[in-house]
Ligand SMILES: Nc1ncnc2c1ncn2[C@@H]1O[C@H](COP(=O)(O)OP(=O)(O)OP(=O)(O)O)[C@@H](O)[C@H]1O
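The chain below stands alone, shown as structure tokens; this is the form predicted alone.
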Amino acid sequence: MISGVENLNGIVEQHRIVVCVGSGGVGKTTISAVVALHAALEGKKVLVLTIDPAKRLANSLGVDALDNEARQIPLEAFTAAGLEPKGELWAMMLDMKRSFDHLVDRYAPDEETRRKIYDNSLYQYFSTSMAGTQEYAAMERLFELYEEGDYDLIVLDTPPTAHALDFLDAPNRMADAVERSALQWIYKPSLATRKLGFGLFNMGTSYVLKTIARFTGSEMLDELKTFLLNFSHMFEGFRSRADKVRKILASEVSAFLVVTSPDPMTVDEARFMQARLLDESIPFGGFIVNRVHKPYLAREALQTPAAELAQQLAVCLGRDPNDGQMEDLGQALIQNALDFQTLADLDAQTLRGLRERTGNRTLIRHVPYFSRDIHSFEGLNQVRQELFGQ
């Protein structure tokens, strides 16, 4: 738990990294953009790093598209929404392939090694489809951006994973994978294999190699050999960068916001995320409960007879009070309000339970349910006003 911070404004003001985690579909991308927007309005140079490929977020921010390079949100987007930023808002969308290409460009020892890696078919799979690589790419990019120090605040929208905190372990999992003795025996010569050459691949016509080739084909082995021989130059830095990333995320410069919906199962998962963050000494900032249903009417108004409401509707619409359609409309409106009240009661009950189980000192902010998706700069600002209490 972050001590000394009682509101969301304080979290944004006092940290250099804010990470939004949560289950899929709870609105992490929108909340990430809103947090970044608020910080920019308050005077910070902010980057929101998202993994959401949907073009609607780019449209909401006033740009045609987002890609792997940071792009500044134009001033016109602010002024059109009646806003005057004191800082700057930048945005980028994580492209897994381009992120790994960027790693190769940065850490490969020479141009020939880079070319061999890029041309390798296994690298194409590794950098686009292999499980865990998106989370790893996100952490590498976050680390690089933090080290460069160009931004006062980086807001990270975490990748959609089966377990929403898997990305925390991605750097260490990658480092563990390349440090396993079996893999190192393949790509890294040892005292036992030095006289024979380069591990498995210099065993010539060995029985092992022939057996593997029967199932994969010799071309596949050649690709694997080329990939590991050339990519091994990258392996040495995986562990050190993984340790540095973890240290940054566990330090006072970072804060984690758990985004959830008011659905009881999603809230339970959010509480599990909070527990894991605290167990691993990761700074937990608070809960953002998105799309909370609020009652539209006072309870006494819900008792209005359909006939009375029909009379009021007829007057407002200039229709005949005896028109049967007016009474049908009145009944439909009352039923809709009753249904919405039921949803509001259920959400309120879930939120009371969350408060009781997490204590009064836990930061919990609500964003109401909106009848339309947020797909404009004005919409993001509307969420911001609700979220930051303005």
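Just count from 1 along the sequence shown to find any residue number. Everything quoted here is computed from the prediction, not taken from an experiment.
This next part talks about the form predicted together with the ligand, which is not shown.
*in the predicted bound form, the residue from 230, 274, 120, 290 that sits within 4.5 Å of the ligand by heavy atoms*: The residue from 230, 274, 120, 290 that makes the contact is 290.
*4.5 Å heavy atom contact, residue 373 to the ligand in the predicted bound form*: Result yes; residue 373 sits at the interface with the ligand in the predicted bound form.
*Contact label in the predicted bound form: residue 24 to the ligand, heavy atom within 4.5 Å*: Result yes; residue 24 sits at the interface with the ligand in the predicted bound form.
*asked:* I'd like to know whether residue 367 contacts the ligand in the predicted bound form, with contact meaning heavy atoms within 4.5 angstroms.
replied: Residue 367 belongs to the contact set for the ligand.
_Partner-proximal stretch of 25 to 33, 63 to 71, 347 to 355, 330 to 338 relative to the ligand in the predicted bound form, 4.5 angstroms, heavy atom_ = Checking each option against the 4.5 Å cut-off leaves 25 to 33.
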